[in-house]
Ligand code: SAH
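In structure tokens, one chain follows: the form predicted on its own.
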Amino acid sequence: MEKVNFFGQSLEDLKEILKKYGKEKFRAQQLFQWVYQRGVTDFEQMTDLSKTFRAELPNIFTFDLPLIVQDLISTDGTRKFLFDVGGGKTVEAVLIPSEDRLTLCVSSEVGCNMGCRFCFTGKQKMQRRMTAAEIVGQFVQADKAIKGDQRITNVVFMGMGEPLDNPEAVFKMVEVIHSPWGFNFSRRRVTVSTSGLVDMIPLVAKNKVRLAVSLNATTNEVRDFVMPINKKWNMDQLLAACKDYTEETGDKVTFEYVLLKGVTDSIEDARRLKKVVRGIPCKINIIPFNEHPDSGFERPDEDTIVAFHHELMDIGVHVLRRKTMGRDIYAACGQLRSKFEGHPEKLDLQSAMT
């Protein structure tokens, strides 16, 4: 049989593979513990396995991880990794520190087909969907890179790609890190963000993870312009799916709203936003636009951002202004992209609009 990448297998997958070789199911649990809890991938060090079994395992599994080819650290402590996923393809993932958590933002695709106009990744057409092993690999490599007592506390699928355009690999990754024999990572600390693939939203509820929706407009006309997916699934359909999610799970939806100067940042937009989400248990993250080359958009000035924020708070919406992290190394929301010739690595914040 062809070797399989261990990092792409759930515990149940592992049991089925080992069963074909006449091995007991509990061996899968042992392997998960060695690899994910102890960080051991040398079969000879797995001392509670028989020598015969250890000799067989290299013929069954590989431990291929995406290689870290660049590791940049922002002035605010945000850390961006560039991963080589083979075939000349690369993706980025970001570790975002805060007082009470350490969040890993992972990518699910090389590029993206959604074409959101304000997103740097959207300028790079999707080249392929990532495998579960490559997504798990981002977590494993980032976990290894952390020093001291720090641990990843949250995972967000907000990196490159539309997660619900690659659901099998995305939810397989969740299954792998959630296993109590592995990282024992809580599903409630995993958030899957979507640009609006309405027919896939029920999968988020089924997998018991949190839902974030990139809303970014208060009318279909504007959303059609900034997010072409709205032409297939309009706001009424999207918001109905969000309400269904809250009713099934009892969880709130997080609506992400990017402030684009002169496009989505008016006081009237703020008032419409309240009406749009009325009746849906939610919170709103407002995100001032993060610059990237040739975007065609600008970041609003600070007074406009503050006014928008205050208007929402004044009318009773649970709203947070997302702190911009990693902007100087193009690691902030909407700035991720594969490595390519001429791609700047640093943003001069002194000259950029703040």
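Everything numeric here is computed off the predicted structure, so don't read it as measured data. Just count from 1 along the sequence shown to find any residue number.
Another form, the form predicted together with the ligand, is not on view; read the next lines as being about it.
Trainee: Which listed residue (N166, T78, S195, T264) meets the criterion of a heavy atom within 4.5 Å of the ligand in the model of the complex?
Mentor: So the residue touching the ligand in the model of the complex, by this definition, is S195.
Trainee: Check each of V190, I201, A133, M158 and return the one that places a heavy atom within 4.5 angstroms of the ligand in the model of the complex.
Mentor: Checked against the cut-off, the match is M158.
Trainee: Please pick out the stretch from 230 to 238, 254 to 262, 276 to 284, 89 to 97 that is in contact with the ligand in the model of the complex, where contact means heavy atoms within 4.5 Å.
Mentor: Checking each option against the 4.5 Å cut-off leaves 254 to 262.
Trainee: Report whether the minimum heavy atom distance between H292 and the ligand in the model of the complex is within 4.5 Å.
Mentor: Judged by the heavy-atom cut-off of 4.5 Å, H292 is in contact with the ligand in the model of the complex.
Trainee: Could you tell me if F171 has a non-hydrogen atom within 4.5 Å of the ligand in the model of the complex?
Mentor: Close contact is absent here: in the model of the complex, F171 is far from the ligand, nothing within 4.5 Å, heavy atoms only.
Trainee: With the cut-off set at 4.5 Å between non-hydrogen atoms, does Q138 touch the ligand in the model of the complex?
Mentor: It does not: once the ligand is placed as it appears in the model of the complex, Q138 has no heavy atom within 4.5 Å of it.
Trainee: May I ask you to check whether F83 falls inside a 4.5 Å heavy atom distance of the ligand in the model of the complex?
Mentor: Output for F83 is no: heavy atoms all beyond 4.5 Å of the ligand.
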